[in-house]
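Listed next as structure tokens is one chain, alone, in the form predicted on its own.
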Amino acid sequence: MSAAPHSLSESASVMRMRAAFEQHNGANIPLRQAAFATFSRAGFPTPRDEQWKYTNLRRLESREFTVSHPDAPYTSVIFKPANVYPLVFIDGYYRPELSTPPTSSAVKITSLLSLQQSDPQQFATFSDIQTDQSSSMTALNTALMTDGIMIEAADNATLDQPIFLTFLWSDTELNLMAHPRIVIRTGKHAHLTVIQHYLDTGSTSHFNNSVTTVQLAAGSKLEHCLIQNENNHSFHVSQIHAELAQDSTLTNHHFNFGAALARTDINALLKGPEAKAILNGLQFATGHQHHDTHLQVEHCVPHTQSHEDYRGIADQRGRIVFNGKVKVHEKAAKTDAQQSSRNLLLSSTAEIDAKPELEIYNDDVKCAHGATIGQLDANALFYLRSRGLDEQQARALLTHAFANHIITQVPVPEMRQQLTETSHVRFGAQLEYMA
């Protein structure tokens, strides 16, 4: 079976992706071929798509990226917090020699690349979660998937430490792209903490297109962190698709600090009674950065809860987009859905677009949403200035307090400290005034 036939109407960017796909070592797998056919028909999303109204990918499409390869050299020091199980990815490929997976037999870690090589049939069906098949970026990830990891927790499994996934780029000066896939599955009453950390301290432009699927069984709990801190020349697209069974809980902490352009989609389907989704997030865009986050939570059955608390900070010519949609299905009585979007403009040239949405098909619910966009409080600034701080210090202290509400909820102390320091660097704070 060959790849989908070349269309004369294909854009140059799609043709470049086709060339990369045809060179891919998994291009003969039907799952990948079908996915690339979906992508080639749709192409990259454009502002004509309502979901991408405020985000234009022309900067991404105009770049040429090279397909990454396994075993590329990496010589820099790798940040590994204490008391975690570090799993390291270089250029999108899992590197077991740099990793320390859990030793518990109740939690199984499988490289998706090794699964493709050892059992192609199982690889073709590795995820039973219905991801957003209309998303061309998901389709592109499936077609060009470099590697990834499957994390499977047995019934009643509980790890003593978080699983810490670090995604780094190799020492090459090539403009690379990677399409990692993360699969998380829990058994009944299992408890896991998983952190995905995307970091790039170099100056080379890269393209990361990541998809994470989460499947929580009855009574299980997952605390999940997504931290994006790529360099300011790169492009980052992340998608999270989660299904929650009865009495399960997903707590997600999402941070956007880096990348020239970052887009994150988080979709949660609450499919069992007493399921609960807690989504917290912080976006900070400065310079010419563009950060766009779309949330969609669907309450499919009665007695489910969702709570969203997102904060955005825009400075210089940075732009932040937030769209949060809660959909309550017809049979989903006793739904409790709360959504909050608070945003801070630090510059007259920055821009923030916030759009909370409720779509409700049942009257017996408790739902609320709100969005605010404002500047630093003049009275608070005056008070801090009167106590001896200069204007920059006062502004930094108030910005820190605004961001810290989200940062303090991260479960790993070392990560809280790093996030605090990263946010300080972003808004020009002097750390001694944050003690």
Partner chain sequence: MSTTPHDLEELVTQKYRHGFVTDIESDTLAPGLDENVIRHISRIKKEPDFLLQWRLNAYRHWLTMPTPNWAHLKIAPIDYQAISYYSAPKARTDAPKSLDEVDPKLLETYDKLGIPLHERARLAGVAVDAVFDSVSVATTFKDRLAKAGVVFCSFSDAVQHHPELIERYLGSVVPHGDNYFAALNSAVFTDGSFVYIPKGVRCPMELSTYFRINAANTGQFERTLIIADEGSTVSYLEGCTAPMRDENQLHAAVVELVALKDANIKYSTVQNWYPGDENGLGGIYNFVTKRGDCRGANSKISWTQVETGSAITWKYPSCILTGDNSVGEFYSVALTNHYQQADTGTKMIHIGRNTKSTIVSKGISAGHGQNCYRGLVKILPGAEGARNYTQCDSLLMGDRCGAHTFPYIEVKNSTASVEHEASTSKISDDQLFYCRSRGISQEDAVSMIVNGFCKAVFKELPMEFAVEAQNLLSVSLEGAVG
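Everything numeric in this text was worked out from a predicted model, so none of it was measured. Numbering follows the first chain given and starts at 1.
Keep in mind that the form predicted in complex with the partner chain is missing from the display, and what follows is about it.
Of the candidate stretches 210-218, 345-353, 148-156, 173-181, only 345-353 contains residues with a heavy atom within 4.5 Å of the partner chain in the model of the complex. Although the partner chain is omitted here, in the model of the complex all of Tyr54, Glu330 and Cys367 have a heavy atom within 4.5 Å of it.
Proximity of Asp160 to the partner chain in the model of the complex falls outside the 4.5 Å heavy atom cutoff. For the chain shown alone, Ala27 is not a contact residue for the partner chain in the model of the complex, no non-hydrogen atom being within 4.5 angstroms. Mapping the unseen interface onto this chain, Glu97 falls outside it, with no heavy atom inside 4.5 Å of the partner chain in the model of the complex. Interface residue remark: Ala37 is not counted as part of the site for the partner chain in the model of the complex, having no heavy atom within 4.5 Å. When you look in the model of the complex, the only residue of Ile278, Ala245, Leu358, Ala72 with a non-hydrogen atom within 4.5 Å of the partner chain is Leu358.
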